[in-house]
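A lone chain, given as structure tokens: the form predicted on its own.
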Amino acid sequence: MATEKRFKYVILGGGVAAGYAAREFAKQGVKPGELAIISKEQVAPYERPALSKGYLFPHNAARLPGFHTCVGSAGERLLPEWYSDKGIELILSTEIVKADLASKTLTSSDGATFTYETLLIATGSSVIKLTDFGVQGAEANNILYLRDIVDADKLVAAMQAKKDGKAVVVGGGYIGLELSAALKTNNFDVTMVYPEPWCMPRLFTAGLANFYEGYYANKGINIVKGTVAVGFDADTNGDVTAVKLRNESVLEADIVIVGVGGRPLINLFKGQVAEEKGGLKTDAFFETSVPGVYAIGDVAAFPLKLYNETRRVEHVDHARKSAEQAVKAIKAKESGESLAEYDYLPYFYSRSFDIAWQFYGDNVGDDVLFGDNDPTVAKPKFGTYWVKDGKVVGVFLEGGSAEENQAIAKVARAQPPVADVDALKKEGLDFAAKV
């Protein structure tokens, strides 16, 4: 007989946002038995960035329980025992296949039902797969994706099985850049393939990309731009052996990793809740159009106060902060208190090899490159300001110290006026230090 469980609060999803929401509930004094996390993953929430960074190191690789939330923001590590100590029920390896928001009921694949008073949707994103587009041969073995720990384990196993082999990375964004570096560090012969004129085009200007492409090339990574994978060859075991490109060239491959983007997981809620920007539309407290239903992290399309527009942000920083805001809002509503609106400053960062960058704000308007972006310098330090309507609206910095990164964040938040773009270029980081 199918079971039925009732909770005051349910968090649906077991990613970063779920872990940070649970911690905030505990801070706010949730009572034992009131809160459940329902996750299709087999493990308690963990810091997802570790998968493309520390998990793939050839030595001293990150492993659970080392990177459970909330260790990524220098907080307490929430081990499975933490949840049981707080009376929070962790319902793992459970896939919800139906959500009826009118009756406040979730149904799992094995027929169990869960009812709630307040729901937090933290379902995150799924990876876009080449099989979704019917790419010939895309179901071959060792064509891999990276979204969760199961994917990461498959990748580690493939790297061990195909030691020192040839790897092709399809995609030139975040995942493409970080995984190319990880594979190279593991002594693979790496080729990156992407259709755009330069890497990470959603954020990088041509000037920024020029450095990273040069730096990666100097590390021995082969870059093929302006084309896409249109097919794959496999051997008699079904293992991938080659990638066929639209430009008619063929790349040998023992492993292929695909990083071509993600889709927010909102299908369960289609037709039940207002949508915008591909996500679930929320207010500044992450409540959706259905009272008592909140959406956090990747799935939330929320009002970005700084730019007076609705945005969806796929990043760990927003996943953490939106989770905390939503829980504070739920508890404030219960106690009749008021809460400040979410006032988010967009933030992205990456680390690979010996380099690390941070970006704050918005990359719109005219870009002003400063510093030395020569990919051969020993300790690169350079960046870009974005200037729109006479104000600095965004800043990118490679090689910054903690203080310098704080300074560029302050600039992006304050949006100081700029009278002379040439003077800004000459001033470089000194401009940020004065704000």
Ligand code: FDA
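The first residue of the shown sequence is 1; numbering continues from there. Note that this is a predicted model, so its numbers are computed, not measured.
Not on display, but discussed next: the form predicted together with the named molecule.
> Quick check on this chain: with the named molecule placed from its pose in the predicted complex by superposing the site C-alphas, is the site open or blocked (blocked meaning at least 3 ligand atoms within 2.4 Å of backbone or C-beta)?
Output flag = open.
> Please determine, with the chain shown alone, which of 284 to 292, 93 to 101, 210 to 218, 156 to 164 has non-hydrogen atoms within 4.5 Å of the named molecule in the predicted complex.
Contact criterion met by 93 to 101 only.
> If you check in the predicted complex, is residue 326 within 4.5 Å of the named molecule, heavy atoms only?
Residue 326: no, not in contact with the named molecule in the predicted complex.
> Is the gap between residue 123 and the named molecule in the predicted complex 4.5 Å or less for some heavy atom pair?
Flag for residue 123 set to yes.
> Verify the contact flag for residue 367: yes if a non-hydrogen atom of it lies within 4.5 Å of a non-hydrogen atom of the named molecule in the predicted complex, no if not.
Judged by the heavy-atom cut-off of 4.5 Å, residue 367 is well away from the named molecule in the predicted complex.
> Examine residue 17 and determine whether its closest non-hydrogen atom to the named molecule in the predicted complex is within 4.5 angstroms.
So residue 17 counts as contacting the named molecule.
> I need to confirm a contact call. Of 265, 356, 242, 345, which residue comes within 4.5 Å of the named molecule in the predicted complex, counting heavy atoms only?
Exactly one residue meets the criterion: 265.
> Find the only residue in 394, 400, 383, 49 having a heavy atom within 4.5 Å of the named molecule in the predicted complex.
For this set of options, the contacting one is 49.
> Quick check: do 138, 143 and 252 each get a heavy atom within 4.5 Å of the named molecule in the predicted complex?
Checked in the predicted complex: no contact with the named molecule for any of the three.
> Quick one: name the residues from 193 to 208 with any non-hydrogen atom within 4.5 angstroms of the named molecule in the predicted complex.
Contacts from 193 to 208: none.
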